[in-house]
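Here's a solo chain for you in structure tokens, the form predicted alone.
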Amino acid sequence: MRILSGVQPSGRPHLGNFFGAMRQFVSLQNEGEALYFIADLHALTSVRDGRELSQSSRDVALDYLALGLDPKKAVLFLQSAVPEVTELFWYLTALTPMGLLERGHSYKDKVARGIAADAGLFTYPVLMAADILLYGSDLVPVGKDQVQHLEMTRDIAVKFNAAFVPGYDPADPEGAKSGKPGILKLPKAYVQEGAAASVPGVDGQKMSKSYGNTIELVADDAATKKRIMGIKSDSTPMESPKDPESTPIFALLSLFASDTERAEIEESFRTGGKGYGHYKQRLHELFMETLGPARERRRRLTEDPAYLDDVLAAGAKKAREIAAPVMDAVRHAVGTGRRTG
């Protein structure tokens, strides 16, 4: 089973990223052949500073390694280091219906928020399809908001196979009956169980870089503690009962605490007798207990840039090896493959 996912290098990772995806990706490296790429080409739809993009891409790779991604188990690489992905992107773009892209929720939402309707943003799902289809992926971990993109990938793959594989039957994509499987394998979405649907930020809204309300995973110790101690709370006196839903503190504590401690904290909120500062201090302790080892590994990895270079180079080499037979079949199907003899 081949598992594939990509991560955009857009800013420093925070608790929302960790509980929403990062820890699940690290866990999945033990479930099959895992490929994880840093989506630096995708990031060009919003990042227009070359130095920033380059550094952010390295930072994200370091973060995953620090959190436990093992290069001996998983393939980690830069999207841009595999030129075949942009070649496949064009073959797919040539036959992707405009109407399919116009129905994209993400595109419509971003344009509605004032983001420029550039061609890159519009064709983003096609590049995502190329990312997935290039490696013959079986499973693609996605959040519920990304399921549509995976469905679009399947639609594009069927469109390609129907156009270039004589005898291909969309109702029999693996060719079990017809003996005519498609060149591009149809992947399945893996909606992650245990992923936090929404992690609150320090202001109570959904944690997001765009809201400026994040708790970063690898900020320095003093900044991290200051951020946690500054979480929004009200003026309820220490001795009075408190509503756990009135502040993001309880929701954040619930992400870290055991079931037993979570129940104890909730009872403590409702009983009263402790101030919000007490709960913030406990959140800081749990944060450091959970992420302290990764933060220390991150510091050590930063001191050895050659190691990261080697990991990314080896990952790109392996990714290209996996992509090679798919691209050979695609090129010959569309008529651009080199013929010998």
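Note that residue numbering follows the sequence shown and begins at 1. Quick caveat: nothing in here was measured; it's all calculated off a predicted structure.
We do not show the form predicted in complex with ligand TRP, though everything after this point is about it.
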{"property": "Stretch in contact, per heavy atom within 4.5 angstroms of ligand TRP in the model of the complex, of 267-275, 223-231, 180-188, 127-135", "result": "127-135"}
{"property": "Ligand TRP: the contacting residue among 75, 140, 82, 88 in the model of the complex [heavy atom, 4.5 Å]", "result": "140"}
{"property": "4.5 Å heavy atom contact, residue 146 to ligand TRP in the model of the complex", "result": "yes"}
{"property": "Interface membership of residue 42, ligand TRP in the model of the complex, 4.5 Å heavy atom rule", "result": "yes"}
{"property": "Ligand TRP contact at residue 4 in the model of the complex, heavy atom, 4.5 Å", "result": "yes"}
{"property": "Members of 16-38 lying within 4.5 angstroms of ligand TRP, judged by heavy atom, in the model of the complex", "result": "37"}
